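Heads up, the chain below is alone and in the form predicted on its own; it's given as structure tokens.
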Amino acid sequence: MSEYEAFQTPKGVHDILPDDHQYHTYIKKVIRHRARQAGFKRITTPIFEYAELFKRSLGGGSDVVKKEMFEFKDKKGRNLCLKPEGTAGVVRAYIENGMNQLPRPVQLYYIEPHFRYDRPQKGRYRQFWQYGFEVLGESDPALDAQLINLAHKIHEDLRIDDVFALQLNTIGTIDSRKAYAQALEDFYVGKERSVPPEFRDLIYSNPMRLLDQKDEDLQILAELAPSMKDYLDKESIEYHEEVKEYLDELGIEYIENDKLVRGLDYYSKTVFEFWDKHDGAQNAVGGGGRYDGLVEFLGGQPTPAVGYASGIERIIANMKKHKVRVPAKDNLHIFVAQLGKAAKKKCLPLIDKLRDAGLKTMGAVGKGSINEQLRLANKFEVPYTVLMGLTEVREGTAIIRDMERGEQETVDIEDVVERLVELIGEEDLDKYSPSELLYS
């Protein structure tokens, strides 16, 4: 027994084990496929940025900035943080790299880990994976509708589209949002006793956030609070109506929710989320909206933009809950068992040829007896095992054993690969050429 204490992960993070990687791989393939279809290019921003980037973009009063950022100083005392969300980094990269010179709209997507010091719970971790889409350079209700449709298509591909309902709202321009925020502040002032202590500072710093909290008392107050639609300007109303017209044309159902505001300060006009039809916002899988002022706010030229982000762990949890299985492509085809060093020397190039032929192969993994290696092959659930001992080395042959039937045949060593390809079937091979990877 070891004298050392075994390590465990810190609270709020988790290992992605092979079974869950099957889901991650499948989800990423779906996202990449849909992104390419729609003309998006992939971007990856650093895991850490200057903390001020997020303090400015998210707003000093946001929960993320006040409670959830992993901040630290480097050796020169500069204030950095692990990125809590993806949009601010993409916008920073857009400005810094002169991407405003590209044909517009500039369409970018990412699949990356993010970090928030949040209370760990089901589907929510302190390191979590998100995928997101950002469309920069155009203000058009058709773009908002297309982005929502893109998220919907991904849900369809992952077979969870029936689980979620689209919640839709508009929070107007920045000016109308300010007017509404003032109306909300006036409403909540004098009602502080009905607001839980941990939320009271929001009355003056960000009263719109009081509308989307899960606390029962706050939900009651939200029903009595002024409505955003009473403070919308004509431009915002017309824009929102056009978004809905396009969604209707696309056949996408939505629920108008005038209490939906989104948790980040940079949104304006269109906001939307996909809520669980039974659990509501508590199991929201993703959301987004328009952020026309953010690029300028972070030092760029005025640039309209719209985006969407979704949590991959939440998607996986829902796929498992609804028994959605994904293709398992890591299962082995062949186990190569050998007896003696001479046989192992012959097996190594054979294993290499089997793999090059697209047969997922394991072998030459120890010095056990043939029976021990066959038991190991059974544990790996391979359909076929290749056996080679001194007799086979001398005669230039190998034994192919059907593990399910218990039948076996002796084949010339030069014919082993061809025979196994025939048995497994061309359609099941994991075969590629390096040049094909350029276009996959």
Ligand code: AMP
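The structure presented is a predicted model; accordingly, all values stated were derived computationally and were not measured. In this text, residue numbers run from 1 along the sequence as written.
What follows is about the form predicted together with adenosine monophosphate, which we do not show.
- Heavy atoms within 4.5 Å of adenosine monophosphate in the predicted bound form are found in exactly one of 180-188, 195-203, 282-290, 331-339, that being 282-290.
- Ser310 is the sole member of Gln107, Ser310, Ser236, Ser268 with a non-hydrogen atom lying within 4.5 angstroms of adenosine monophosphate in the predicted bound form.
- Checked against adenosine monophosphate in the predicted bound form, the residues Gln213, Asn257, Gln130, Asn149 give one hit for a heavy atom within 4.5 Å, which is Gln130.
- A residue is said to contact a partner when one of its heavy atoms sits within 4.5 Å of a partner heavy atom; Arg325 fails this definition for adenosine monophosphate in the predicted bound form, lying far away.
- Shown alone here, Arg124 lies within 4.5 Å of adenosine monophosphate in the predicted bound form, counting heavy atoms only.
- Adenosine monophosphate in the predicted bound form comes within 4.5 Å of no heavy atom belonging to Asp157.
- Adenosine monophosphate is not drawn, but in the predicted bound form it has no heavy atom within 4.5 Å of Asp276.
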